[in-house]
Ligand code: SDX
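Listed next as structure tokens is one chain, alone, in the form predicted on its own.
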Amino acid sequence: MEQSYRPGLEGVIAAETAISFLDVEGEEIVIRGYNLLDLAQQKTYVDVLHLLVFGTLPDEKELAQLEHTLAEEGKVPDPIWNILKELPPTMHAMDRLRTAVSALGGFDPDVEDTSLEASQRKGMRAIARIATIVSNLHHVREGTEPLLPEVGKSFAENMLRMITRGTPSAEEIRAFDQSLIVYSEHEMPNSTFAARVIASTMADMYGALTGGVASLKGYLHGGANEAVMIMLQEAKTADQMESYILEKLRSKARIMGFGHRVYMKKMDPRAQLMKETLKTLIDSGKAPVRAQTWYDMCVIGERVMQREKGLYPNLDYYAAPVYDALNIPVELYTPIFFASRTAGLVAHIIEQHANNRLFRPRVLYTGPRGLKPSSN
């Protein structure tokens, strides 16, 4: 039978799922039947988390209980902090996070139980503890004791409070919450595929999540949001943005935050939402003055890239200045991406375990044949 090869598995259907779907023609990201942008505009991250892991949007009582559970489960075992303190401070935040996620499995009593109920319990622990670890990565690196989530505060408020060690405003909490929602799930990107491949061996959830962290670090996937902020800082002003991009293009450098394997002919709808979120944050008066500069630069960059390369912004392009406006350190941008995406990964791992078939693709061999070993 003739088999076709598609580099990067582009367009190849790798799994059946009831979790999410990218309807490119309809410009819709479907999350268990709901439009992701509707969810981002009308619900909270914890609502979406419940939808992903438990299959339904929660009622008020379920939402309150889940917020309480996440705050309680967010207390990370002390040995995890000790491990993080022993790692080199020069180590990339995603590498430190990868180590911590792997170690978390040793502290979960349900680690080897793949039943639905146990997996959902594990999922809540993983989501809550990873959020706490991410929110404290820079503090631990600097030798400061970690903060823990507080019962009575929302998941997004707790994360932002732990990250900044301040008291975030309602506008800042909402902007951050929206970013968590749009990063929470996106069908079958590299990190989700990596997690499902690992889960297909019936490896435990933490092993699959660890693979997801490793995948997400790469600048072609999760690391792009950090690269966008570095680009804006290098360009410095709106007046210099166009010349900066044109010079990069002349030198054949990649302009981060543009292009997407799926959204090739239009703007990532999540990027449009983050663009609006950044503007709303600026108009509220809660953003630092530099946020307006970043917004103006991004608009110019968007126009230049569409004109010069026919490329459109992806989520990372506008998420980066949103995070800067919230006074979040650049080194945490990709870890935050993973913290929010953990909900989607947990849902995919549970689904893979429940309807499993081991991933075992074949190759198109391009090497020699018929060689004989020489006899000496």
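The model shown is predicted, which means the values in this text are computed figures rather than measured ones. Start at 1 and count along the sequence shown; that's the residue number.
Keep in mind that the form predicted in complex with the ligand is not shown, yet the notes after this line are about it.
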query: In the model of the complex, segment of 94 to 102, 181 to 189, 128 to 136, 74 to 82 with a heavy atom within 4.5 Å of the ligand; finding: 181 to 189
query: Contact label in the model of the complex: residue 311 to the ligand, heavy atom within 4.5 Å; finding: yes
query: Contact flag, residue 246 vs the ligand in the model of the complex, heavy atom cut 4.5 Å; finding: no
query: The ligand contact in the model of the complex: residue 170, any heavy atom under 4.5 Å; finding: no
query: In the model of the complex, residue 206 touching the ligand (heavy atom, 4.5 Å); finding: no
query: Listed residue that, although the ligand is not shown, lies within 4.5 Å of it in the model of the complex (heavy atoms), from 281, 255, 163, 271; finding: 255
query: Candidate from 220, 116, 151, 230 lying within 4.5 Å of the ligand in the model of the complex - any heavy atom; finding: 220
query: Heavy atom contacts to the ligand in the model of the complex at 4.5 Å, residues of 310 to 341 in sequence order; finding: 311, 314, 316, 337, 341
